[in-house]
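Consider the single chain below, provided in structure tokens and representing the form predicted alone.
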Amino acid sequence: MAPQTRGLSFPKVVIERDSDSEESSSEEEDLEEEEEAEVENDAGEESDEGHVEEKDEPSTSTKSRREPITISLKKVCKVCKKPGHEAGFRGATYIDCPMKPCFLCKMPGHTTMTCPHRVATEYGVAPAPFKSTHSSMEYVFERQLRCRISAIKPTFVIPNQVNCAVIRYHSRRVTCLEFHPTRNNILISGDKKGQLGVWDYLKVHERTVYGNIHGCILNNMKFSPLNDGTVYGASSDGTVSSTDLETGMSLTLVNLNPDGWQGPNSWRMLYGLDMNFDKGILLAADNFGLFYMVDTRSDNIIGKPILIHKKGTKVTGLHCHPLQPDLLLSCGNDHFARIWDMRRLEAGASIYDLPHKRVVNSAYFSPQTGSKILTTSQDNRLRVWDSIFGNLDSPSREIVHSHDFNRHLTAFRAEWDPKDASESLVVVGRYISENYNGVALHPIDFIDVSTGQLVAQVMDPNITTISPVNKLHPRDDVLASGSSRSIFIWRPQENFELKRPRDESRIVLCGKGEKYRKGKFQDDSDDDLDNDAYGSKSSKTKKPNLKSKARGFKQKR
């Protein structure tokens, strides 16, 4: 059955003639206005381009009048590039392209609004049996690692209420977040401009942004194992930096573009970053599929770069095993996640390759035992392998989740809860918005990956932007989320009510004019089209109106 097209009325632009004596150069120009008017009246009917209906020649006196020229702007679908229909967000509703399958699950036969995965996240997800290989690795797993996993799954504690926030903290969108390894109240953040922010979210107003660290996107950050006051950063300017958080002094450890810009074919950008704590080696990977090892003591690259993913493709992430740092997990734009042994690291020598259908945004070992693997792919799938010592030919579970985006956003990454002893709770932002009391909101989802069940979806009616960057605290029941240029701290509601008085100032507004529009925490970043239902810019400045979840907080001026 041919797809049904929607009849749409296209906007018109009216152009006034410059002078009374100006005349059209042909009969087609004289009749263009009448032709476009007929097209507008026939909703849903297509007309041949360039077709001109015959009509009587207007008189000379009629020609000499100042008559507007009406131009019809015919829109085309952004997905299939064909006219007659549109696809995308309309308020909180996502309209699918009739030429394509469901945007959420990528399967034909239904739309995103009627997708069964939208109704129940765990739809179609069945726990896979443990795939035994009867190998020595399985024996080691059962004797040494299985005993570390709690047999009784604890009750999940979900941070579900905004405790404090800094609105328009960064000058561009937030790209990465890290909690301080020893100071529980310190959050480190990076943005698209290369800035590094240090925020004490207990004192709320104590915040610092260092703008001289990198020239462009700060993609990843890791703390030094020897000095918790030093943080390493990998940037799209091709450098790895070491920054002192107290002074903001930065030292460049690696510069892959010493000669500056030589064209897109030679410009190297660093994305993946991790630390091998046993050896004290910093690991980084670039957009050409190459892997680098950096000695943090001598600030030099060890050996030659190693090709760990397809040549010319971006390596999006690196993660060392929490118990055996010589085991390395990488992922990239070549649709693979790969497991490596750093003691025998060379091109094509991966221990195992985990195929995906599209780009892999992230891949992580589980935080307690490292026996599980969690990946986030652009095909709207979270994939889980229950045991790295079992059969890795196929994932134990595939969970459909909305994180395939087509905007200027930081990539979505599902991350483990480092405090969960059962290694089953993950947090990930959602792309497709939902209608909550007439407002389009993008929740942050907590998912039990052992069953595929949606445990909780947290949101605030004042946050109408998308939250792709989320980080759970390694020791406290705290969630930090980066939404456009703002950062929010979430805590469980019961603790929030008991420990934090309502009259304490917990919301800080930054940015030009400290504008606060419509009572929403909206950002006006020039590269983030996060808000579906409302415009991101406004010429009016409105007084603060902290309602709903943030009601009662005082604004700092």
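Please read these numbers as outputs of a predicted model, since none were measured by experiment. Take the two forms, superpose them, and find the largest set of C-alpha atoms that agree within 1.5 Å; that set is the rigid core. The first residue of the shown sequence is 1; numbering continues from there.
Another form, the form predicted in complex with the DNA, is not on view; read the next lines as being about it.
- In the model of the complex, the DNA lies within 4.5 Å of some heavy atom of D96.
- Although the partner is absent from this view, R485 contacts the DNA in the model of the complex, with a non-hydrogen atom inside 4.5 angstroms.
- The DNA in the model of the complex comes within 4.5 Å of a heavy atom belonging to I466.
- Although the partner is absent here, K314 lies within 4.5 Å of the DNA in the model of the complex, judged by heavy atoms.
- Partner contacts here mean any heavy atom within 4.5 Å of the DNA in the model of the complex, and among 343 to 351, 446 to 454, 174 to 182, 408 to 416 they occur only in 408 to 416.
- Distance criterion of 4.5 Å from any heavy atom to the DNA in the model of the complex singles out N333 from the list N160, S241, S371, N333.
- In terms of contact with the DNA in the model of the complex, the residue from G211, P461, P474, P101 that brings a heavy atom within 4.5 Å is P101.
- Shown without its partner, the chain has R358, V359, Q378 in segment 356 to 395 as residues with a non-hydrogen atom within 4.5 angstroms of the DNA in the model of the complex.
- H321 is not among the residues whose C-alpha shifts by 2 Å or more between this form and the one not shown once the rigid core is aligned; its shift stays under 2 Å.
- Core-superposed comparison between this form and the one not shown: CA of F288 displaced by less than 2 Å.
- Between D379 and G91, the C-alpha separation grows by 3 Å or more in the model of the complex, relative to the conformation displayed.
- Whereas the displayed form keeps them at a certain spacing, the CA atoms of R413 and R90 lie at least 3 angstroms farther apart in the model of the complex.
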